[in-house]
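The form predicted on its own is given below as one chain in structure tokens.
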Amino acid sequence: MEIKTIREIFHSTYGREASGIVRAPGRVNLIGEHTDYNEGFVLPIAIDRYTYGVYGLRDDSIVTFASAQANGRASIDLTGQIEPGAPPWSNYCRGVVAGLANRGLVTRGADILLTTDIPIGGGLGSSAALEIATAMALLAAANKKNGIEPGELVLLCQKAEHEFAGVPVGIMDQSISLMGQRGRALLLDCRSGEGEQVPFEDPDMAVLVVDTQIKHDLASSEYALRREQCHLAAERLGVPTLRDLDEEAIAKGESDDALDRVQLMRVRHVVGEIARTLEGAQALWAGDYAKFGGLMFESHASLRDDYRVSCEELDAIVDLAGGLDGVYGARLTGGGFGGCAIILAKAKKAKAASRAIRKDFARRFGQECPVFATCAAAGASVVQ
């Protein structure tokens, strides 16, 4: 998105010039799905799609929010009690305001416009980008850009999503949006919050994002159910989280009848996915994209069969990609039940793969699926 256009949208919304602009990227999780809330490992990249926070200073204690993509506005008085409210999208912002205000980091009002080119609801971290962009805009407006440590801001935004939006997310999306680096994937330990930057920059390799533009209704309820199933399984096996299990423990749990069939499936995915993520990071360090691609296919099969979060559209994309020349691997990314799939391919074969995917998807499902190439981008920053 052009900065000039963003400033013009702010002016048409608020009738004055903007004071500054920040941006926070979306993300693609290369591997490590549904492991974050089990305190496991994930391996995302920040992508070159962003949510922008355009702000104008005020002389009072009122913070207002408007969105270029969604209806309604929100107005918050920093001197009062900050609670969830309408419109629904503003709750991601309200929670961030509350967290920063409680720390004394936001005391002055601002008008904030939010606009994005991240597919909303596509499993690319749009909610976390909204939260991080909100926080960055408020901190920049208060001249306190360095007023909070990155790890603390991640937890603040996660809490905002839990308490104000009612979504029990892990820390992956906020972490990569804030701490991503150009040309690097982030191997994130979701227990300690510590990360290792892994090389992910090769001109001969391409990442394609395929957006099904489908979001099945059961996504939010099933996400919460999966979390509950994992926590109950960990409790029955006597461990803090599924992060603490290995294949031997799973076999013991099965033989002791400690887990029912569904719990066993969920545990099998999480334990296997954590192992695949660590193995995948080593493959990237070695530049072994064929090995990494194989792990992606294994991840998708586990998400489809054991975690049951895929759908017909995502399966069709991954199945087709597996037979295309130059494709290393493919899998769903995000929570599942729709959203996006990712494909790792040779750069010279990426355009042909993209055409084949679009054509086959339109034939099978009667609608287009946008495909775009992306790369490992830098995390959140002040633009102007």
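One rule holds for the numbers: they count along the sequence shown, beginning at 1. Everything numeric here is computed off the predicted structure, so don't read it as measured data.
Absent from the display: the form predicted together with alpha-D-galactopyranose. The rest refers to it.
Engineer: To verify the annotation, which of these, G329, G334, P44, G40, has a non-hydrogen atom within 4.5 Å of alpha-D-galactopyranose in the predicted bound form?
Structural biologist: Looking at the other structure, the residue within range turns out to be G334.
Engineer: Using a 4.5 Å heavy atom cut-off, which residue among A110, L153, M172, A233 comes into contact with alpha-D-galactopyranose in the predicted bound form?
Structural biologist: Result of the distance check: M172.
Engineer: Going by a heavy atom distance of 4.5 Å, is G339 a contact of alpha-D-galactopyranose in the predicted bound form?
Structural biologist: So G339 does not count as contacting alpha-D-galactopyranose.
Engineer: Does Y223 make contact with alpha-D-galactopyranose in the predicted bound form, using a 4.5 Å heavy atom cut-off?
Structural biologist: Yes, contact at 4.5 Å.
Engineer: With the cut-off set at 4.5 Å between non-hydrogen atoms, does H34 touch alpha-D-galactopyranose in the predicted bound form?
Structural biologist: Looking in the predicted bound form, residue contacts with alpha-D-galactopyranose include H34, since a heavy atom lies within 4.5 Å.
Engineer: Go through 343 to 351, 54 to 62, 25 to 33, 315 to 323 and give me the stretch that gets within 4.5 Å of alpha-D-galactopyranose in the predicted bound form, heavy atoms only.
Structural biologist: Comparing against alpha-D-galactopyranose in the predicted bound form, the contact stretch is 25 to 33.
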